[in-house]
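Below you will find one chain, with nothing else, as structure tokens; this is the form predicted on its own, and questions on how it binds or moves follow later.
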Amino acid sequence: MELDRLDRDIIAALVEDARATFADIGHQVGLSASAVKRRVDRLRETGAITGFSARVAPQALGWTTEAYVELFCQGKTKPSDIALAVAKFPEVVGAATITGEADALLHIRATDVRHVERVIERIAAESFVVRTKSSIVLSRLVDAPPGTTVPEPRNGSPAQL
């Protein structure tokens, strides 16, 4: 789908404050409230906007430690098998297949380092896991929520999603 400058500006305003009124957003982007509503409705219908939610500090929920874990799997383990296995762990807040030697990268949030260790031990016990390699996050240098930065279009054409 193609996004024009106004669509990107509306999305940026919603990411900043999803509770902003259409009138407030319209004031920011130079449109009427009804025009903003029509665009937001279209953006939702086309899937550019997938929903609205609250951003909660993980520390407020007791998740004070985070780690990234590389999974090295045996044979040709299917990504769907990895996804099914790691989805069982509430501490796994993100997972992706990656390039390089590892087959997948997991993002884990836990209460402390011992908790991270227990989660890694349970994941390593999965039948397809050969080994893991983990890194504990010391501090976040950049922590922008998804959608905070809306990419500019390339070559003067509207951005594609």
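The first residue of the shown sequence is 1; numbering continues from there. Note that the structure is a prediction, hence the values are computed from the model and not measured.
Missing here is the form predicted together with the DNA; even so, the following discussion is about that form.
This chain lacks the partner; the member of Val119, Ala67, Val129, Leu31 within 4.5 angstroms of the DNA in the model of the complex by a non-hydrogen atom is Leu31.
For the residues Ala102, Ala124, Val93, Ala35, the 4.5 Å heavy atom test against the DNA in the model of the complex is passed only by Ala35. In the model of the complex, none of the heavy atoms of Val15 sits within 4.5 Å of a heavy atom of the DNA. At the 4.5 Å threshold, heavy atoms of Ala23 reach the DNA in the model of the complex. For the chain shown alone, Arg39 is a contact residue for the DNA in the model of the complex, at least one non-hydrogen atom being within 4.5 angstroms. Taking non-hydrogen atoms only, Arg140 never approaches the DNA to within 4.5 angstroms in the model of the complex. Look at 107-115, 132-140, 23-31, 58-66: in the model of the complex, residues with non-hydrogen atoms within 4.5 angstroms of the DNA sit in 23-31.
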